[in-house]
Structures are given as structure tokens and as C-alpha cells.
Ligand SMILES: NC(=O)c1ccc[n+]([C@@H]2O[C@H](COP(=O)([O-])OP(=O)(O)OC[C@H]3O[C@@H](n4cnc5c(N)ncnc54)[C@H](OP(=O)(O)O)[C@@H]3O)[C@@H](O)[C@H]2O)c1
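One chain is shown next in C-alpha cells, namely the form predicted alone.
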Amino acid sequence: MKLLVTGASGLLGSKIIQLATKKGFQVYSAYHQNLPKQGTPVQFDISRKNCVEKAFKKIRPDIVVHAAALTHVDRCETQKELAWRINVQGTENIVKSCEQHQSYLTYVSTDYVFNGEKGNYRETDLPTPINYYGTTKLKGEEYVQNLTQGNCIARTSVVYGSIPATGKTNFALWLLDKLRRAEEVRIVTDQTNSPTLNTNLADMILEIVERRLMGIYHLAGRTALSRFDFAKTLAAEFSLNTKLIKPATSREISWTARRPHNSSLNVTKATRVLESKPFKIHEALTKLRDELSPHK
């Protein structure tokens, strides 16, 4: 089974490739700049239609997981043309090539397609993004929904975790590093999400592609937390000093783009349908601690 993963050197893509390789997939790791450590590397720019078509013609993938995106929320706001080119045109190019080669597609989307006014969003709730990142990801969803053969939209939230041999960071690793250096950090109390361990997310996505499930799935952690509470819980799990974590509000942080106040995702559907269930926060952090153990 030929599996093509875009964004292969990223936080999610690298984990999907690691796990898919163990499962026996023939994995193709698509990247733009950073060479992936596993799978067969394939370099192309998703925003260039001819490059995507050439790669698909060479690989002829059975399954595509489209995880590549410009996810930096403020950069999407200040560089809208770039965000549109990667997140919208790039997705359109992937969708059209999937159509041409009859490849099953799973598109990784975000909780930021919601405005954050109520939280606990279900798959059937109407997306109304309040920033440009969410707008571009929603537009990508629309292209995917127009794909006539099988496809899935997997929305997730605040992905964190260890990254196989890349050296990149994320909120959890950044926080652990700061606290181990005994540095104070200011974390917002007025943003609630569903923090998602990349290993758990990758497992759920691989089950979806193996079963060729269709439609929208919210694949996120089962525990909704404010960023501040997530930081405190993470610190406590790793026996670090929680007093170094200081509360702040979104207004005090100099962000360019608006953030939803509560974009937490309801994962009832995934919990009911999938064998790989969304993790509760302590289950996820125990798994993370195990993955980061120097004895492994």
C-alpha cells in the first residue's frame, strides 16, 4: 500500500511516517525544505501544480495524508498571499492529483475553523473562522469535500509531542525546556483547546486511512484545557516547578491574529468509531514522558 505523506518532516507528518513504516506501508515522505528522516523522500512544492502532478505520476499513491500547511497563525495574518498559496492552492493541487490518480485522501485541518464562542465543537457545527489561518484551512476543507472519491477531513487542536530525529520544537517541548532552565513563562488563561499528542493523532489517522473512513472527524485530545492549565498539568506530570508558570491574558501577548477563546473539539464520534481512542490528558502526558525517556 503506497502512502504519500505531505509535511513529512513536521510534528505530525514525521510521526505518521514512523508509525506507518512499522505497519508495513510503502511510505513516501513529501517535503519542501527539511529532509525527512524516514520513508522515501520526495521533494516538491505543493503550491506548484506541475510539481505535484509530477510527483503523483511517479509515485501513484493509494493513500495520501495531506499534513503540509503554513500553521504559524500570525504569519498567516501578515503574509496572506503565502498562506493562501500553501494552504489553499496547495490543497487544491493535492486534491486534483488525488482525483486524477484515484487516491484516498485524509486532509489535516484545525479547530481554528471555529470562532471559539462556545467550545466543545462537533463535526456538524458550522465553521466561522476569525483569523486568516482558519479561513485558509476551511477553504482547503471545501476543496476536499468536492473530491468525488473517498476522503476524510481530520480536525485537530494544539498538537504537541516528541519529534522523531528532527530537532524541531512545539509548545510542550518549549515549555519543558524553559522550566528545566528555571525560567519563568507567561501563559494565557483565556484560550481553551483540546491538546493533542502527535502519537495519538497519528495512530487515529492511520486507522482512518486503513479503514478508508469518510467524512469529518474531530481527532484531538479528550480533555479540554486552557493553555495555562495545560502548561500546569504538563509541568506537574514531569515534576517541574509549576510556580514558574505565570498567568496572562491574550491582550497582554503581542499577537497579530485573533485567537478563538474556546475552540475545543468534541471527540465523541472518534471515540465511538475508532479502535485508537482519543487520549485523556494524563494518558497522553504519560505516553509523552515515556517517549522522551533517555532510557528508550
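Model, not experiment: these values are computed from the prediction. Residue numbers run from 1 along the displayed sequence.
Same protein, other form: the form predicted together with the named molecule, not shown, and the subject of what follows.
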Does the named molecule come within 4.5 Å of a heavy atom in each of I46, I86 and S157 in the predicted complex?
yes
Should L3 be counted as a contact of the named molecule in the predicted complex, where contact means heavy atoms within 4.5 Å?
no
May I ask you to state whether F56 is within 4.5 Å of the named molecule in the predicted complex, using heavy atom distances?
no
At the 4.5 Å heavy atom threshold, is L11 in contact with the named molecule in the predicted complex?
yes
Contact of T71 with the named molecule in the predicted complex (heavy atom, 4.5 Å)
yes
Contact segment among 266-274, 246-254, 228-236, 26-34, judged by heavy atoms lying within 4.5 Å of the named molecule in the predicted complex:
26-34
Using heavy atoms only and a 4.5 Å cut-off, determine which of A202, C98, V108, C76 is in contact with the named molecule in the predicted complex.
V108
